[in-house]
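Below sits a lone chain in structure tokens, taken as the form predicted on its own.
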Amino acid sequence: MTDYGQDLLFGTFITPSARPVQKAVELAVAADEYGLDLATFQDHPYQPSFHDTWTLMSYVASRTTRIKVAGNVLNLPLREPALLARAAASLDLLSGGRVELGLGSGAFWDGIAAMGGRRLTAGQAVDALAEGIEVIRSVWDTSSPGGVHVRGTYYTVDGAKRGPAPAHDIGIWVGAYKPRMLRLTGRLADGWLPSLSYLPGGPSDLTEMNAHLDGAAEAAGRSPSDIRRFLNLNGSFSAESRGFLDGPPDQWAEELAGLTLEYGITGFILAADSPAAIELFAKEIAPATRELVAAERS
């Protein structure tokens, strides 16, 4: 059993498609109304059929009242970190503390390069992400004297004024799968944000990945429980069981509770394209999962 003890969070994973124009917004508004904790959005700035994710997040924050918004995950190679830090803090202040920051090191490098971004190797992208996180945290740190000074290989900020400070401690969540990125996450991030569909061995892969996170956290003087473990989910709802995360709500609740108790997952983010799926996830599966986990922990 690997249970880090955090409260459970439930959210939705929305594709920011520009057609139909309001669909992504309507899904996020439904998630807010039905009581989910998070509305998260893919970020592919080189994809012309998508709304810009940051613009969409800002609009959704203005249309909702309680749900938090986050990229899942933001494409750092096309979003300069000092400016991103100020944008995140500003939206957090405007929304009353409802922004979290999901970050990725980059993928689809042809698209990134076509938009003017640097083409990096996998190793370079990891190093650039570490530098970017340092820049972001430095901009938010208004309690330290002087300006921001980060002289990196990929990002250099030399004397920029700090601030604004966000309304709350924005979490930095990293999408990571391979050992080096997992160690970076354990060392520097507040959350880990992978997708179940990208795990070739299924949930059992989480054991080894957790070990990388935990080892890096401990080596950095942190507790492994400082890192919240999220999981993007795909699945189907049906009257009868047809496989893992493919069945009725009570099956989903049992399987999600198992992911919490066995692998420490405490944030479940459903890829959904209909308000009905979001309602079922929020009103039936989320409370049932919380009840099962609470009973087992007690």
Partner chain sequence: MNYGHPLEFGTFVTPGNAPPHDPVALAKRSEELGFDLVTFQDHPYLPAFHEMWTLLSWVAGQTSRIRLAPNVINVPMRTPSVLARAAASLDLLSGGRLDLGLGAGAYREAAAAMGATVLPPRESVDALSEAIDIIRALHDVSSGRPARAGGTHHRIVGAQPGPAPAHHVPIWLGALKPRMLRLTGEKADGWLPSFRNVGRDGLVAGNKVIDEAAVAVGREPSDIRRLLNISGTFSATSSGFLQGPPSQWVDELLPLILEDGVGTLILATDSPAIMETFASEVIPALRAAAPAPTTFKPSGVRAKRRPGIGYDELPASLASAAVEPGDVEYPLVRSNYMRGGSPGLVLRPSTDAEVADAVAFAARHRHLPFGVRSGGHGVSGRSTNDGGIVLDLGRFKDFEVLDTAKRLVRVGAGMRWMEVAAALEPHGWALTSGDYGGVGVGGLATAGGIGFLGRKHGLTLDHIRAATVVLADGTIVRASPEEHPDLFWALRGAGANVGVVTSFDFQVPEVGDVGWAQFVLDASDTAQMLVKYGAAVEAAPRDVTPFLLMGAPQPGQPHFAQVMAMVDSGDPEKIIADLTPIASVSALYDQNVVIAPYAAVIANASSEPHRGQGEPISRSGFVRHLTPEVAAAIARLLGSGATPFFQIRAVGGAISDVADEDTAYAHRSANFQITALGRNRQRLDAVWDREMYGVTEGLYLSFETDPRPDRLTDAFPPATLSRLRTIKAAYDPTNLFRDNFNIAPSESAA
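Because the structure is a prediction, the values reported are computed rather than measured. Numbering follows the first chain given and starts at 1.
A second form of this protein, the form predicted in complex with the partner chain, is not displayed here; the remarks below concern that form.
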Partner contact for residue 161 in the predicted complex: the partner chain, 4.5 angstroms, heavy atom: yes
Heavy atom of residue 241 within 4.5 Å of the partner chain in the predicted complex: no
is_contact(residue 276, the partner chain) in the predicted complex, heavy atom dist at most 4.5 Å: no
Distance check, residue 258 to the partner chain in the predicted complex, heavy atom within 4.5 Å: no
Contact at 175, 231 and 249 by the partner chain in the predicted complex, all three, heavy atom at most 4.5 Å: no
Option from 75-83, 188-196, 211-219, 123-131 whose residues, in the predicted complex, bring a heavy atom within 4.5 Å of the partner chain: 75-83
Of 9, 288, 280, 25, the one that lies within 4.5 Å of the partner chain in the predicted complex (heavy atoms): 25
The partner chain: the contacting residue among 206, 157, 184, 170 in the predicted complex [heavy atom, 4.5 Å]: 157
Sequence-ordered list of residues in 8-44 near the partner chain in the predicted complex, where near means a heavy atom within 4.5 Å: 18, 19, 20, 21, 22, 25
